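Consider the single chain below, provided in structure tokens and representing the form predicted alone.
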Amino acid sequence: MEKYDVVVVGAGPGGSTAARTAASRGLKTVFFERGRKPGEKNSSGCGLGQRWWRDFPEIMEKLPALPSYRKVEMVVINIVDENNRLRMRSGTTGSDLCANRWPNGMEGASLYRSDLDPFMAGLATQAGAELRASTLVTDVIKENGRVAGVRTDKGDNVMANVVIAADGAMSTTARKAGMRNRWGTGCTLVPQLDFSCSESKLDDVIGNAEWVWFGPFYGAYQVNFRDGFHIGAGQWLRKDWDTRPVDMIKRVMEIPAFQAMARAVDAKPREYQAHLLPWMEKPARSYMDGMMLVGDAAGFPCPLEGEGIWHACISGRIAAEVAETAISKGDTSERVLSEYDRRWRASPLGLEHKFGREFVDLWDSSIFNPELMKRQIQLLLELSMINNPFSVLFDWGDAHMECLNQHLLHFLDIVPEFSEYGRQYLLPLAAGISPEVGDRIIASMRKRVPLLKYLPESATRRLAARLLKPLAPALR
């Protein structure tokens, strides 16, 4: 019977990061992959945001050498109405704050998991971790209620001081350990269709961008790679679907603007797939005696946009660091491993989930609700006209000032319809406004309203809290 300090179940990005971190700290580590190689079953791709430069710069520096890599510096939002007309296309490369936050500005990356996963597994083996591919972990081994190892489909029992479960949304390890059953309504089913295309034409038409498609359908994302792209959609399993998963993709493919883009880059469909993604209001329980869960196994994907690779890697790194501490103490009990829960909650990963319920409720009542989106699109379009002062320059239906007044009146006509929506789904997010921002609001009010300077600051704060009730927590 074999014995390791750390056994990692899964060789995706989260599992490989956990194995790499553990091995680099001198722990005897093995990680298991059910496919013949990491990434074999993950033909889908992913987008890695700018924070990777902060947290994993050594990885970002090496990604351009991978075959499917495409640099990403902006996001393009396509708004389509119920008649399939493209009504708005807007993009962002970030403000100067984004450009100067760190040297690489808004630069991110997109690439296929079939490239990313073996690359990250290679970093783990270089650090000293042992990779066992073509091996499925089928059960956990318990001793006195504590997870003490795993059992494989080959009949091997592999013992460990700590098991780190990074085996995805369905996590056999978590279920066999009794931490949870299936996710049920907390999961989304995500259908995807992958396309091949011309690299040079994708450069010309798309450039360094990701695209999304919003309208009276299930919101879809388009991740663009070196010479291909995929589109994906989805919906929570708690919903009564009125369409098949594949029809969500077909709906986007019916949009003339999408068809024009596909023709321009010589796109050809090459693979359809569907996978489960935990899209949770809050993560699940993440530890027990002898075991910790990372990535999708713990329900860590972001509740705002569903991205989970960074979240898996951050949680994998924290789990391995906690494992080292626990092993050095000779105590891998639930009490000691609770440090994992404390640390991920205190990290940027925990901050992502602080407003999980509010984010999920917002999407549930917008891009994942086709009927509601029909009217919300009208609000978005009018808001875009009056929010950007240059838009009215190109409304030549009347004298320009008259056009501006007409747009303002139209906007005011629409707003009451969404007042309850705003109170229910948007105002709760105002609780996230920081005290620093609150102080700036107070200072601005005292500067712009001369009479306020004669009031005590505490009185000004009470007045501001009354006028700006949603921001009250930041103005106390």
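Residue numbers run from 1 along the displayed sequence. On a predicted model such as this, the values are computed, not experimentally measured, just so you know.
A second form of this protein, the form predicted in complex with a small molecule, is not displayed here; the remarks below concern that form.
- None of D289, D227, D341, E307 but one reaches within 4.5 angstroms of the small molecule in the predicted bound form through a heavy atom, and that residue is E307.
- Think of it this way: in the predicted bound form, the small molecule has a heavy atom of just one of R251, H353, R317, R113 within 4.5 Å, and the residue is R113.
- Contact with the small molecule in the predicted bound form, defined as any heavy atom within 4.5 Å, is confined among 67-75, 190-198, 155-163, 343-351 to 190-198.
- Using a 4.5 Å cutoff between non-hydrogen atoms, V147 does not count as a contact of the small molecule in the predicted bound form.
- Residue contact with the small molecule in the predicted bound form: Y221 places a heavy atom within 4.5 Å of it.
- Shown alone here, F32 lies within 4.5 Å of the small molecule in the predicted bound form, counting heavy atoms only.
- With a 4.5 Å cutoff on heavy atoms, A124 does not count as touching the small molecule in the predicted bound form; it lies far away.
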